[in-house]
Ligand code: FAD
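Single chain ahead, by itself, as structure tokens, in the form predicted alone.
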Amino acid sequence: MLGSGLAVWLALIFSMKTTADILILGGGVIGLAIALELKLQGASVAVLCRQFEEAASQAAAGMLAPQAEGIPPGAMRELCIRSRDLYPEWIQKLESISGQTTDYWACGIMAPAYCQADFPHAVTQWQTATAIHQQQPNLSDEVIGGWWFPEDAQVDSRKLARSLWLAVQELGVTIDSGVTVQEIVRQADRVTHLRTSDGDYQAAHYILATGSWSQDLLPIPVVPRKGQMMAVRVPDPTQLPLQTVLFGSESYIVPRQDGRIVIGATSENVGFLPGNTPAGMQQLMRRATRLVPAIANYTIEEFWYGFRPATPDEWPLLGTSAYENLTLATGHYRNGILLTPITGQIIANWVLRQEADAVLNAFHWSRFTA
């Protein structure tokens, strides 16, 4: 007769769900992009998703703006530009698998300014007020010039998330939705299993892509940064007043080709405090109408909020963790949509073949341990 301790241990082992060799924690665009690349390379992979609608990608504007944002030279800028440059081919592949459009638009991004000091990084030539207003009518008279970044682009973040969700399932990836991971159970330098709202899960390798909720599971410095956003709609989409994204010093304005205009975003260190506020909406509208006065006359279509996963230096955590069978892909903050293709690629290559991308060291979790 089995001893009681051994019997309990065996019961635990046999009760665990083993859905795939690689288990991804998180069903936002980062987790799904990693699942896509892993599956395309022949891996056995599954995704645990607490609530698809909570992912930061649902709230993002979808700017692909490594140059317009003025990211300083270095590893982060290199990673962002590489990812932006992957987008056209990657989107074509994704849409062919999912059958769903993402509304990728290589429209370029303009950074209008009220004074030349508004843009801190001299990475492109200053454009005069005459040139800026000729290229983009409807700007405020306060705009005295700016910068033009023709290689930057945009994508509809909600459509991107939906396309990824459908694509990975089309390829045969299992998504267990409505499952909350409650604990990553570790022993020595390995993860043994996950405790979840749906029982215990076990895999050979785990990938943490839980965004703003990552600190609930591991002692890593990823915290939520709330962003409120709103959208207005142009009465006639054929008369869209903006033909490019505007990345202003106070706000950004992202026109969609269907007549919707997205305005964002606040950045609030308030934890997971839910809801939109009058102060947040007033701030967005005041700043947007200062840049494009006509916006004041468009119909308000929607306002919403989300939580960006921020680290102290605003760079993501990518690659190995303190546990040999757990990989990190979290903390993307403002650049989650932009970094989706490159994150999927380098994390998949690392997990499957231990191919360490040249920039991975710069994003290692150990940079915060000192």
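Just so we're clear, the structure is a prediction, and the values are computed from it rather than from any experiment. Position 1 is the first residue in the sequence shown; the rest follow in order.
Same protein, other form: the form predicted together with this ligand, not shown, and the subject of what follows.
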Checklist outcome for this item: Assert contact residue (this ligand, in the model of the complex, non-hydrogen atom within 4.5 Å, options Leu36, Leu338, Val45, Leu318) equals Leu338
Item to check | in the model of the complex, segment of 99 to 107, 136 to 144, 178 to 186, 273 to 281 with a heavy atom within 4.5 Å of this ligand | outcome: 178 to 186
Item to check | Any non-hydrogen atom of Val168 within 4.5 angstroms of this ligand in the model of the complex | outcome: no
Next on the checklist: Residue-level question: is Gly248 within 4.5 Å of this ligand in the model of the complex, judged on heavy atoms?
Outcome noted: no
Item to check | Gly344: touches this ligand in the model of the complex, heavy atom cutoff 4.5 angstroms | outcome: no
Checklist entry - Gly211: heavy atom within 4.5 Å of this ligand in the model of the complex? => result yes
Item to check | Partner contacts in the model of the complex for 288 to 324 (non-hydrogen atom within 4.5 angstroms of this ligand) | outcome: Gly306, Phe307, Arg308, Pro309
